[in-house]
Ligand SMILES: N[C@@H](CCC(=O)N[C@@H](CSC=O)C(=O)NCC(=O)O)C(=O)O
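Encoded as structure tokens, the following chain is the form predicted alone, with no partner shown.
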């Protein structure tokens, strides 16, 4: 079967590289049109394929938030690393109730594959990010080395990055990092709502694949994880993020501070001001593994 056609929507030069927005018809998302942004540094060529960082954005975001506000492009360019910015959910599925709330449905795909028949034709962001986008981009001849991938994200996207890293059966990603992630998703309101809606087995089904704390507690292989959260983050204070649960599970499973670092950043909130402050730290963290 031939790969879907990638339509170029826009392109901007940035830090000597190129940020391009594409769209294509996504089989994983049930034939809906899907957008993504891709930053490719200037050193990329057919004879020099570059490693790639996948950035997963949070609730209500699109493929644009991280690209425009994350401050990732400069550090990525200096390290010769591409960055892929997928969308956060399918768009325009027309499912009853998918636009009723800001924290479920459109803009809130939670980076899972839905098993509830109401959502399962379209809400397959796990497959879209992990399998479909690499295949589509590779087929288009864009010079990225998919054997050198790492993943990071913010909030719901931090949940996505940690869970996709830890649940990947064939070590797809070399490292993972997260800004204020939903780190124990089956124990917080956002996760409970998402899993009850998207998964036939609800929260119990989610524990197997979609809760970073549950996954790290069972992980015996060496890992490379960095997490930052702000002490002034209202969602942290409300119990949506639960990074301490993740850290305790990691330590109990034998992962030391070289394998799992969880840093509290005094006075920072949940916004892209926080993310952009520590963006360079995260890109350089991944560069250690992507360029090894």
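Please read all numbers here as calculations on a predicted model, not as lab measurements. Positions refer to the first chain, counted from 1.
Missing here is the form predicted in complex with the named molecule; even so, the following discussion is about that form.
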Triple contact flag 69, 102 and 272 to the named molecule in the predicted complex, non-hydrogen atom at 4.5 angstroms = yes
With a 4.5 Å heavy atom cut-off, would you call residue 216 a contact of the named molecule in the predicted complex?
-> no
Going by a heavy atom distance of 4.5 Å, is residue 250 a contact of the named molecule in the predicted complex?
-> no
Contact test in the predicted complex: residue 230 vs the named molecule, heavy atoms, 4.5 Å = no
Partner proximity in the predicted complex: residue 60 to the named molecule, non-hydrogen atom cutoff 4.5 Å = yes
From the list 124, 184, 175, 155, which entry has a heavy atom within 4.5 Å of the named molecule in the predicted complex?
-> 155
Please pick, from 65, 35, 245, 265, the one residue with any non-hydrogen atom lying within 4.5 angstroms of the named molecule in the predicted complex.
-> 65
Out of 256 to 264, 51 to 59, 35 to 43, 222 to 230, where are the residues with a heavy atom within 4.5 Å of the named molecule in the predicted complex?
-> 51 to 59
Can you name the residues of 5 to 24 that have a non-hydrogen atom within 4.5 angstroms of the named molecule in the predicted complex?
-> none
